[in-house]
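Here you'll find one protein chain in two forms, each presented separately as structure tokens under the names structure 1 and structure 2.
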Structure 1
Amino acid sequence: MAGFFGMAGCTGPEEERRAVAQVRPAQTQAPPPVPNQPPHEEDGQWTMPAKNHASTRFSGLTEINVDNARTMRLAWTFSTGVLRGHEAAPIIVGSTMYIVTPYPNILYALDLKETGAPVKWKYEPKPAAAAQGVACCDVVNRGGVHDEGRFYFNTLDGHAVAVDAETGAEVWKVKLGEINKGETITMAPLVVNGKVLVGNSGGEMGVRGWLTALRVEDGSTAWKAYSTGPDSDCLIGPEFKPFYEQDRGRDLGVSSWPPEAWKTGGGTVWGWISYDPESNLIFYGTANPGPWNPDQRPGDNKWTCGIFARDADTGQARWFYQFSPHDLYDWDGVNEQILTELEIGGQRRKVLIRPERNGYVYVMDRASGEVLSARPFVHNTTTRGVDLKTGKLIHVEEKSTGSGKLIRDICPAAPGAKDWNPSAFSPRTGLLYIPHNNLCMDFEGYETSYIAGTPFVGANVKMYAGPGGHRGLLTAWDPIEGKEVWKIEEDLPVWSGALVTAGDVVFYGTMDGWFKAIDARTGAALWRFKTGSGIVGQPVTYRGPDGKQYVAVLSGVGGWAGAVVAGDLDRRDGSAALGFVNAMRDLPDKTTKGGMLYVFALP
């Protein structure tokens, strides 16, 4: 068993040294090439989920650095009073911190000017209780965003809300989803050019995916782009110029499906959005097709499991690229896209980096949608790579799932090489820090389930650790060379986001509750702290009103990986949580529920 960092109680120096020794150092001692980045002015705030529109989750703060991180101390804590999976990033603007909880989606404003950061106000949207029964994978919320005096977030029962950031007064609240049809919202919105961008969840329920832009003034809809159906619904028009041939043609969102199937075709938009002000394009991913088993939906099932580039003002699509056409494995294509510039083949390219569920880190030209490289970052038995000429994923036929087939050793498993939890990119090291999974699965045939009085059969999915026996990893990845520089093996899947700073410290959390600081260049462990519950949140850093640098993270296990604890699932039923419980049977022995914010600083 390698990389077993998180053993409770093992806090002695010897353990620390052993843990460090397990880190795989870079093969070469030369520092990776530092890409030429636009100058970065650090305001010490964290106003949007990914820190910036480029989604780097990189902070320019340097007070906490490689040399002193080991002296970090707990500064203060705050209990959210909620027990489900806490996946949100705290948002810090001026002297206020904003926290959005899982259902019932309470928004807290904490006053950072006061010692101990007392609650300034709280806003309770009171979402419909029935929404809990509709959400697929725990009742999570991925947080909110601040823009020009307002705080925006979404509720599980399908509403988008604007709140006055100073007073907590509701400015507007609009209903976007219909929980009676299985539609929920879990994603964090993003504000671009005076519009709040929001997408839906619920592909398992026959929901049709969309992204909509709401006017900040009143929440009215400026545009709405569906992920399936006719071009007019998908906002595909004359500006649409996809790079690859298979994405060109009329109404592919209809013709790449059996008749009518696009109407319940999934492709929901519950992940991350990035924005490039220079081209005025937004980039976001679409989730898996649904609810048909793959045999019943022949075709590429556009525009699911892919990435759209759209004009931020009109929503008109510019290009699309499909990571996993005709998805077989539930590989929602909703992961983050990091926008940066890299020297590739002697040329400086404006790129988009996407660590994808299917196991490849894609580097794409963000203007055209061309795949410049797609390199594997985990053990992969399902595909042989990406054909860069055609942009197509090359499948291993014998691993194709289908009705009644028994297939073993499918890697990566359904949560993918990496799920929603976002990576961080440092312009100083040129490395991408990817928190992710090492999971495989077996489809063992049919198992009976029962919904609304109707018996049905599901693939009996059992997930388990991939080669090496560890279930999670933090990988430092060189996107230019397309290779790993160092990695830390974790016993449990890494379901938290990552953060990297100009102090060259990487932060992430583990599902058994360790919050860790790592040397961004070497992967050496610098510091760790055991929080009360497993961490599936997104760490952030900010400069407090006192001028000091703080690092904050929500602890509170849950989400799909943590459902065995947060949802009190029966660990004897390995197929629960779509087969994830089998891989997580020991989690209830390693952590317990409880939502708590932890904030750290130097002494």
Structure 2
Amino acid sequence: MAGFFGMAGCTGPEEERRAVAQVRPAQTQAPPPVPNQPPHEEDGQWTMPAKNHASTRFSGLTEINVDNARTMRLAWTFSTGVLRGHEAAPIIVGSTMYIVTPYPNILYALDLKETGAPVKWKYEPKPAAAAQGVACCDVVNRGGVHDEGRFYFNTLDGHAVAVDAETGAEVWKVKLGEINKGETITMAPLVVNGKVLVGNSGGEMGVRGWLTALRVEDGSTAWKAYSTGPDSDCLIGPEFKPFYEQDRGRDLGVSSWPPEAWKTGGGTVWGWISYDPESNLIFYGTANPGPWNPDQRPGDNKWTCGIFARDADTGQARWFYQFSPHDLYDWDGVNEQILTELEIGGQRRKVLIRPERNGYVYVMDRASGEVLSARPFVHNTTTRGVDLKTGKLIHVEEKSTGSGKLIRDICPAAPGAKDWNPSAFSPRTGLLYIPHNNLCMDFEGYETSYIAGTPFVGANVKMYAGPGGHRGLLTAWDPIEGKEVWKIEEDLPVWSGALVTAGDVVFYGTMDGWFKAIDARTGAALWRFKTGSGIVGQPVTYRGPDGKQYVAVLSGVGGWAGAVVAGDLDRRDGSAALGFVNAMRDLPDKTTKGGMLYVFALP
């Protein structure tokens, strides 16, 4: 396998109905709707990764709804010609759909005006092949973004690219990362105020994390903020006012590490970015510290495993909150943050909702960084909750990892209660739809040394299914009450994103290739379709040039969870893919490689 891990037809959904009936609690009534959020009008397009800057992944389209979703049919397909994990969201602007493939990161523009959506043009950035050898977790790409007539995306070998959206001509291409150090780029960029926001990957190689803002005109750097190191490097200055005491002080990005360790400390930025135009703040997460063995990095290891709020124009930090100080389990803090308003304690609050890898759904005041609630959404043996007064995670001491210690029954496992695969939030139901994992692990730390461009992990891990034996779930979560409303158990980790519509339908995919439509209020199965490979992509919906509503998703198993298939790994080696293969030995029996776009509509 490349990378250092060495690592059809419609059918009735009776099985899903039974599964939901088994796990649905007695009370399934959804909370009152959240009106007028996000503040935008539905234009039928999908121009950025999460539909909007608030990252709701909610579409106002209603043609496909709970009453007719069962009649959905395949409209057309498109083969990408690439057989690795397809984690991107299709982007739709006007009558054109854009798709970014995994390495070699081919950008396709498909003409939606024509029958069968033929290729309008394609752009091949030809990234360096050597990037495959240092990529963590398959050679994935999470897509691009359209803005003002250009399409922006990143390549595995550390470049950001701007392409003319009409012609496919390259406008600019800039090098941001160094693959010789193990640095790659897999995230989807976001455009805010004339700047393209891009972060790096490579925490398992000791790469130092950063987020940078590139000017749309020419790709030049407007600002760059590191996740570790001196305040000047992290763009922490007089405007920085974190809510909690432990995040206050000078140069904590240095002093919370052993000497020089921050230089190889990770905190990469490969997840999602949200933007609040009212405060002009962006919000994004930082990944795990390196190495995984925590004994080699005593201290809180700031500013890893947390969330930054920054001024979108200057990059100056406003606040930071650390979900998992001194990370013990590889709990990257890169998940999505949904911006909305909720009634909490009798007050209307502008909040940020964050389903986190450590197993808690956080609701935070997005102006101050205060944690308003943090409630568990999975089985958890490692922590006892979050102290809302201090903001600190309360650990179970006997589950602490370190050198020479074999700790069993750690739940959630390294991919967390939920990895990068994004949730969706409906202002109609007030519910958050979380695709996630039910995985535990055994973890044994060992001493490791940093050598540039080689793995810097220091842990042996074996993952396995959590209680109940199922490895994944889709959970509908009430963020005000802090509790589940309904859930669907899945055999395999749910590694796809979620989509919810004003037709009150939730869409998601499974790693054995089922694409499913669910009633957003009750969790009842409405429809499903078997695609040719496992689904780890992000479903989207749009209004076509013919006025009809369509739903699209990329099928093509892979990513960290699907590495055993995408990378042809030896399933007998449970430690492969950093221990994920141990939990996925049966995946090659359930699906095969693929790379296909599927688009659905009503008859």
Partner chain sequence: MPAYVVPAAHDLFRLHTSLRAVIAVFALMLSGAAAAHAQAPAPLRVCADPNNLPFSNERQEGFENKIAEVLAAELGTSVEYTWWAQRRGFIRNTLGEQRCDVLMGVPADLEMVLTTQPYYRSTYVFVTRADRGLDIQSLDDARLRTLHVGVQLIGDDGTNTPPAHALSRRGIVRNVAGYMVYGDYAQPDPPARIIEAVARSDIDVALAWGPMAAFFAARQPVAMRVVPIPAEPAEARLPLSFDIAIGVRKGEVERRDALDALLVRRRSHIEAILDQYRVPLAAAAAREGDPPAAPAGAGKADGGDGDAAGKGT
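FYI, numbering is relative to structure 1, first residue = 1. These figures come from a predicted structure and were not determined experimentally. Rigid core here is just the name for the largest C-alpha set that superposes within 1.5 Å across the two forms.
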Is the form predicted on its own shown as structure 1 or as structure 2?
2
Taking the rigid core as reference, does the Cα of Ser449 move 2 Å or more between structures 1 and 2?
yes
